[in-house]
Structure formats: structure tokens, C-alpha cells
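Here we start with a single chain on its own, the form predicted alone, put down as C-alpha cells.
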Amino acid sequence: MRTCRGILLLAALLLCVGVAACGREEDDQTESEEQAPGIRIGMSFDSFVIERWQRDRDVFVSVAKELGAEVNVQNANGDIEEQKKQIDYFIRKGMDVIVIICIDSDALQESVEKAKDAGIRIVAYDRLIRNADVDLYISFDNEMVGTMMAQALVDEGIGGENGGGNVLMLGGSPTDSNVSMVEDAFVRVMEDNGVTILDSAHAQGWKAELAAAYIYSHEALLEKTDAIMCGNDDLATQVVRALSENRMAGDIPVVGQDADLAACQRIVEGTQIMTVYKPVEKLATRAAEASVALARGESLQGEDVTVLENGNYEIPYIGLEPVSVNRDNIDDVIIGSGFHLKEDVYLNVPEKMPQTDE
């Protein structure tokens, strides 16, 4: 009898343990479901060749996470077919929003349409996807960028009231919609100031070595060149390096954009006269906020939201203002904002480092 009672007691105890375990399993499952992010964002980058993209990615992911979203980042490595596959992958995964830093502004219309048919919102980040019904295009004012680059050369004495001057234009990838916007604005200012565009070339895929190759193969043209416009600071790095080998660095004014550390160093060294600072923290933060709002089905709010004609579509557009940076304001704009550290900017010319009151 005692043995039977023991067996019955043990069975009852095991039953209670099993019920408790089931209860814990259900609780754990409920807790897991509650913790699962309700918003999923896919983000496809052209590549990370350009220095600033890593900063854009980190800020976007951080802000989106704070807002309760999970971000899946993919790198297409400059391959448009790979970027299309990534978008297809995001569609299959049922993302709420897909953010695209496009490789070719004219090659993703079908991908956008496919995503929209699946009920997914599309954000064109920094680069416009032309003739596509995207839910937001957010970038910097690219026409202003081109105007700033040109005006820096005019301020340097290229053209102006007396006209004259010859400029080379070494732009970025021709499939990037921003390139034509920047260059059109640049050319307008040059024409208004009587400056001749000696030649124009482009670096496919933003491959900076192509800019250097152009300089090496056009040394005779350099003798007629008064200034060089570079599509970004990465191209300018290679151009100035090539000019240095010809002992011409600092003699021919060079302009660029993105405020890369190397460009800021060249400005204080005297081998590049200006760059365009684009506060990517603001761009990435605003884009993350807008993406989460779109995922929640909210309309985009803010004084910065306007409308842009994009082929047959009218799309929401947010354009942030860039800042022209030269030797006179680099300490305030770049160092003062914390974009680059003072000791890094003045690494090669410590004797020119501004003094601080202690």
C-alpha cells in the first residue's frame, strides 16, 4: 500500500510539473511575441566604397531601432542585378518598408512597382529612382551642391566679371541621378561667369581610380586647366594624388563634396579649396523617422516635406541643405559639429592647428 501511494504521489507531482512547464512555455512564447519588433525595414546600399555610407547606415539603424523597428541591411557592391535580387528578397520577407540607395536611377522601376503591389512602402534614399512611384525621396539639395562648388571657384578668381578660365569636370557615376543635378547647376554658374568647360568625364560606379587615370592620360590638357571639379571627395583624393606626381598639387584649385576626412585635411594643407558638408546624421535620422511613419500608415508631416515631379508621378520629397566648407569655416562647421576631430583634420599640419583657450 505504501508503494502504491508513493507511485500515485510521484505521478501527481509529475503532472503538476508538466502543467507548470506548459504554462511557462506559453508565457515564454507570449513574451517573445510581444518583444518581436512590429516594424521591419529592408535597406539596400549601392556599396560602401564612398566613405559616408557607413555613417548613414549606422545612424539610420540606430534611430530606427529606438523607434521600435528592425533593419536588415544589404550591400549590393555596385551590382544593379544584385540590388534587384535584394529587393525581391525583402518583398518575399514581407518588409514594411524598403529603403534603397540605388545604383542605377533608371533601372529599378519594375522592382519598385513589384514592391508597391505587395503593399510595401519605398524610400529612395539620397538618390532618386526616376519614373517610379516611391513613397519618399529624401536627399540633399543637389542643385545647391553644384552651385556651391562652382561659386567656390568663382571666389577663387576663376571667371567672374572679366570672364575667362578653363575647368575640367570629373564626375561620378552617370547612372546616379544626383550627378546630373550637381553638374547642371555647376555648368550654369560657370557659363554665367564666362568659364569654359574644357572636358567632362565620369567615373563608372564611382570608382575613384578612374579619375586618377584620366589625369595621367591628359597631362597636356592640365597645362590649360585652371581648376578641376570632382564629383566627390573620393575622386578628389585620386586627382590630387595624380597632380602631386606632376608637382601641380595646390597650383590647380580642386573642389569636391562629402567632407571626407582626407578632403578636410587637404583643405587645411592647401591642395583642395573646398568641399560640401552634408550632415548625414540629419539625413539618416529624418529618413528613419519617415520610414517608421510610413510603416505605421501615417502621412509624412513637417515643413520640410514638399512634392517633386518624378516622370508621371508626384512624390513626397525632403531636401536638406548642404554647407560649403573652406579654410575659413572648416573649424566651425566640421570640427565644431564633431563631424571630424580637430587633431585628425590637422594631422599633417599641426602647426596650423587653431589654438583653444584653456
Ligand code: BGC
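Please read these numbers as outputs of a predicted model, since none were measured by experiment. One rule holds for the numbers: they count along the sequence shown, beginning at 1.
One more form of this protein exists, namely the form predicted in complex with the ligand; it is left out here, but the text below deals with it.
Relative to the ligand in the predicted bound form, residues Arg127, Asn232 and Asp258 are all within 4.5 Å by at least one heavy atom. Checking Asp176, Glu183, Asp226, Asp135 for any heavy atom within 4.5 Å of the ligand in the predicted bound form turns up a single hit: Asp176. Of the residues given (Arg121, His202, Arg266, Lys278), Lys278 alone sits with a heavy atom within 4.5 Å of the ligand in the predicted bound form.
By the criterion of a heavy atom within 4.5 Å, Arg40 is excluded from the residues contacting the ligand in the predicted bound form. In the predicted bound form, Val305 stays away from the ligand, with no heavy atom inside 4.5 Å.
In the predicted bound form, Tyr214 stays away from the ligand, with no heavy atom inside 4.5 Å. Among residues of the shown chain, Val323 is not one whose heavy atoms approach the ligand to within 4.5 Å in the predicted bound form.
None of 64 to 72, 293 to 301, 308 to 316, 49 to 57 except one has non-hydrogen atoms within 4.5 angstroms of the ligand in the predicted bound form; the exception is 49 to 57.
Of the residues in 212 to 228, none comes within 4.5 Å of the ligand in the predicted bound form through any heavy atom.
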